[in-house]
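In structure tokens, the next block holds one chain alone, the form predicted alone.
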Amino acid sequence: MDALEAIRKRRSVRKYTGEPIPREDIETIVDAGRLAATGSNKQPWVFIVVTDREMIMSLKRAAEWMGNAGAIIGVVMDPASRWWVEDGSAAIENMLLAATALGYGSCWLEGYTLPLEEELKQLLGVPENKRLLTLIPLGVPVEWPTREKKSLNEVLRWEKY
């Protein structure tokens, strides 16, 4: 699947079969995050991959539907970097697109992660001076959501608003 096809197909997937994901595919997905744009090339990230079923069940405290994920990626950022949120967001989007290109469903969990950040950091052993930007569950999708996006005409303006 080429990049534009992956962009068009990507949706937030919250229903997984529970099948394991091959290590090579997970490494390919994380590598896409590692290659993301980053302010001043700071690369202020570490990615924690969780495949252990017991830990996945602990992490599903953030969202019950994550229990059938084949893996969960914790995106840990260094807030000492001026652009840590932007850099992390770029890495996350790269990983979501890579997962789609490989046929896996994924979801950006930020809204659920923030209120539980300290608890989740403790579970994952994240140092106190780092931030857990999000968790990204990955899995073989039970189904691909089909929610439509706004049309290009609804969001595109030329020259001025």
Ligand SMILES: Cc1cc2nc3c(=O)[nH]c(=O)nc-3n(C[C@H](O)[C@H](O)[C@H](O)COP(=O)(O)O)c2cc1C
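Predicted, not measured: the structure shown is a model, and the values here were computed from it. Just count from 1 along the sequence shown to find any residue number.
One more form of this protein exists, namely the form predicted together with the ligand; it is left out here, but the text below deals with it.
- Comment: 109-117 is the region of 109-117, 28-36, 51-59, 124-132 lying near the ligand in the model of the complex, near meaning a non-hydrogen atom within 4.5 Å.
- When the ligand is considered in the model of the complex, Ser12 lines it closely, a heavy atom lying within 4.5 Å.
- Lys149 belongs to the set of residues with a heavy atom inside 4.5 Å of the ligand in the model of the complex.
- Contact check for Trp65: a non-hydrogen atom falls within 4.5 Å of the ligand in the model of the complex.
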